[in-house]
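We give structure tokens for two forms of one protein chain below, kept apart as structure 1 and structure 2.
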Structure 1
């Protein structure tokens, strides 16, 4: 009998998970975000043992697990490794679709970071294209202080 009732009229109870967090970003990321906020400079870290340059910064080398303590300044220019154009909306997206997002290897770095690609005709998106960081006017020491990466215009 209960089975017939639920088939006809299933009941639901609603719930919401609303949890505010204030995450510590740690030693190196604090420096990383302050450099972006105050000087529009993107920093990586260099492993003192195997010399690879990692961005975003990590306090332990991803190759040799050596401890890393210092940041190295990168130029803010780089190369597009891969990308997509988002055509759908979702509850978590930070931009209105359509927009481009990619994995960008900064010059001098051995790893790449994920960020938006702006001021670009989607048809021109191509792996290997040169990009440079564009920063927001108002900066709050988080990853969105970088507005997006835009194509570097060829001279002449």
Structure 2
């Protein structure tokens, strides 16, 4: 009888579990978010070996795998590479639809950052347009301290 399998009916219960956790983004990303929070500055990292500039920063070069330690300041302006407009709603979204999200290659960077696009008619969005960062008034040292990127107004 010791090896006999006892069959039991599954039991179900409704409820929820609170699972607080902390996530460390590391030294470079911490500096990246602190600079956005405290100075409204977007930084990347420049590989000392192959000279590519990566944003958001990484501690290892994505091209040559060299260690990277120093931040370089970027202007906060860039070019829209591609975009999409979201029309569906989800509890995990940071913004209510409809909203646009774009891949933006910041001036001076070799990689791109994905973020919201604001202050624009969605019909006017096009790859190649120039954008600039708009920062939230209250910042908490996370990526949403950048409220969105908006089109750069042409002077003249």
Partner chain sequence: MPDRVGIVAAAMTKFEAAKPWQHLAELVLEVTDKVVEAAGISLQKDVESIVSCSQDHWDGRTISSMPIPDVTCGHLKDESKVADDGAYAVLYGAMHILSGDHKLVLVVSHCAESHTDGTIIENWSIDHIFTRMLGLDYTLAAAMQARRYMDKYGITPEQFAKVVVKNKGNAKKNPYAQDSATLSVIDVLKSQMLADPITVMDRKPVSDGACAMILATEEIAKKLTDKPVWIKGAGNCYDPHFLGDRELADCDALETASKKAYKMAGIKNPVKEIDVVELSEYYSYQELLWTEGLGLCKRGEGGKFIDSGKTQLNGDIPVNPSGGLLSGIPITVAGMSRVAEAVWQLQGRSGERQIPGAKLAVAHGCGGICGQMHCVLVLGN
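Just so it is clear, the model here is predicted, and its values are computed rather than measured. Positions refer to the first chain, counted from 1. Definition used throughout: the rigid core is the maximal C-alpha set that superposes within 1.5 Å between two forms.
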Seminar exercise, completed: Mapping for form predicted on its own resolves to structure 2
Problem set entry | Large Cα move at residue 137 between structure 1 and structure 2, threshold 2 Å, rigid core | no
Problem set entry | Is_shifted residue 23 between structure 1 and structure 2 (CA, 2 Å cut-off, rigid core) | no
For this session: May I ask for the C-alpha shift of residue 8 between structure 1 and structure 2, in Å, based on superposition of the rigid core?
Result: 21.7
